[in-house]
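Below sits a lone chain in structure tokens, taken as the form predicted alone.
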């Protein structure tokens, strides 16, 4: 089988003793999945597999979610496979081959601006800077449980509008107002239910949550900032310090992830597959089930 060791936060664990480049029988994968339900960030060290092996393992978790950028667009030139996304600062012929090239990244949940977001992310380290570029994770079940009962009651029936404003705009001539109007958007409950465990998850993030519906943006911003400050606390995060050959698999519903800064002169290259959720996130509080609101931008 394999060995499972909890890391410095209860929601993160390391699995050793497996070569993911070789076929896994159903019994072993079932045990991996059970470990993932308990530890929504799993780290597999010392893997050496090609893109096909990576894809085959990702497909065990569900249907793959294509990357946002189409072939040939900036940040999507390294592969003709529409399901592969590279996170990289490397340029070929003066063009970035991947997305999110440099700098720190705010905490976020991938594709929360889509009606059906990602269930899982599988990120594989290929070229790693010597210092920095750590991927940071936070357990949003833990963040929800840390809220006061008053705040839990306030957000129980609330929904938010999430929006995608890419760091590399597809049309660099767009104004900010045009980008907001034409960006991908979705409305989701502030508190969602984990589809398998039923646990409540605070589902807002600094990178993509635009406003709380039903109140003005001026009223929404300071309330959201209180949640974002909780998420940003270093005390609750797991910081993954990459080594070449690492594969990190995270539950994109339950966790958020970000990135620490690193030297932009050092090459960084990681390969990612994402997996679709089975359905749109469902509210944890049943009173909001029949009240999905419209998008709100003001």
Ligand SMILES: O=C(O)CCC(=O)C(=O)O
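This structure is a prediction, so every number in the text was calculated from the model and none was measured. Numbering follows the first chain given and starts at 1.
Quick note: we don't show the form predicted together with the named molecule, though the next part is all about it.
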query	finding
Proximity of residue 223 to the named molecule in the predicted complex, heavy atoms at 4.5 Å	no
is_contact(residue 139, the named molecule) in the predicted complex, heavy atom dist at most 4.5 Å	no
Distance check, residue 272 to the named molecule in the predicted complex, heavy atom within 4.5 Å	yes
4.5 Å heavy atom contact, residue 87 and the named molecule in the predicted complex	yes
Interface stretch in the predicted complex with the named molecule - options 210 to 218, 150 to 158, 107 to 115, 176 to 184, non-hydrogen atom within 4.5 Å	107 to 115
Proximity to the named molecule in the predicted complex, single hit among 259, 67, 39, 237 (heavy atom within 4.5 Å)	259
Of 192, 204, 123, 163, the one that lies within 4.5 Å of the named molecule in the predicted complex (heavy atoms)	123
Triplet 135, 250 and 268 all within 4.5 Å of the named molecule in the predicted complex via a heavy atom	yes
